[in-house]
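One chain comes next, on its own, written out as structure tokens in the form predicted on its own.
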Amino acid sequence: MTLPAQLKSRLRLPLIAAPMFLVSGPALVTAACRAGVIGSFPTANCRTIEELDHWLAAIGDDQKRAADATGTAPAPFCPNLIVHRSNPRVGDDLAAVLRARSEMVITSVGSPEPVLKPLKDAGCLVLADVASVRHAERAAAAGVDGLVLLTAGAGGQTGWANPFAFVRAVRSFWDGIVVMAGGMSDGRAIAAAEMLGCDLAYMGTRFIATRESMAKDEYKAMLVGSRLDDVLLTRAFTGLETNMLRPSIVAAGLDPDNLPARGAIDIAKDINAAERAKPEARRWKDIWSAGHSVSGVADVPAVAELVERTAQEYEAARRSGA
């Protein structure tokens, strides 16, 4: 199964504005969808189920307004369900997504199997984050529609594999949708991912540094001033392999080269509203993530401007065959 033609016809670019914890919100999602790329957000960005229902309704209303104004349906939005066993909200978040009749869903940090049947029964396209060939095989066997390949360049939760080897290894057994995540800095990279055998690309870091993102101004400025060598791979803050910005670690008073170990993954602590409000709960709020594509961040444009610029780069790359 490749990307459904009906969905593909609604895209200006074969691109997902990646779901980013405490960064992706309704303004970024709706701007992305109106510009012709898939807008996504982690459901855990909402502090309560009521807030999640409100976000989903607001995004759905904007989709209708955009369709009425242009006569064409915008790109779909795509909630991201964190399915790790330590997330106490996954069932309630799933119910909210089903109420909103989302066309697409991304599952991450665990097996998609517990949420797959109700999503598929509702006609929802399900993409699963995977960081290894073994994970890809398991997700494929569970019956997902697409695999999001987390390669070594992805910001936040990341993978270890080289994208060229990872895509070809997965394509040896999988003919469904493939999304490349990691290192997508411009339209040329998206065109290269397509040539390699991908249907879509994930772009996260570039969208953090947009006017519509929920990131702090200081975070956006740090992205503009950083480069690839400022990205540190560590388990210190989340228990998972995560790409974080060295300058933000230093600003928080920590030594990037001498970080304490963190225990088991605990999604409940990350999404708990009371924990987020604690001054000492610095990860994600004050210690920020970025992918290898940070070297391509030079300004803080509106989402529409970023998509238009990226589309021009993509079309030029396709014309040149490079």
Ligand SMILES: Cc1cc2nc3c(=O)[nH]c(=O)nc-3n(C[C@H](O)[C@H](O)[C@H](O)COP(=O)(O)O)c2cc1C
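We number the residues from 1 along the sequence you see. Values in this document were obtained by computation on a predicted structure and should not be read as measured data.
Keep in mind that the form predicted together with this ligand is missing from the display, and what follows is about it.
- None of 226, 234, 108, 102 but one reaches within 4.5 angstroms of this ligand in the predicted complex through a heavy atom, and that residue is 108.
- Each of 150, 154 and 205 comes within 4.5 Å of this ligand in the predicted complex, counting any heavy atom.
- This ligand in the predicted complex is not approached by residue 249, whose heavy atoms all lie more than 4.5 angstroms from it.
- Residue 291 belongs to the set of residues with a heavy atom inside 4.5 Å of this ligand in the predicted complex.
- By the criterion of a heavy atom within 4.5 Å, residue 179 is excluded from the residues contacting this ligand in the predicted complex.
- Under a 4.5 angstroms non-hydrogen atom cutoff, this ligand in the predicted complex lacks residue 96 among its neighbouring residues.
- Listed stretches are 169-177, 138-146, 78-86, 189-197; the contact stretch with this ligand in the predicted complex is 78-86, by a heavy atom cutoff of 4.5 Å.
- Interface residues of 16-39, taken as those with a heavy atom within 4.5 Å of this ligand in the predicted complex (partner not displayed): 18, 19, 20, 21, 23, in sequence order.
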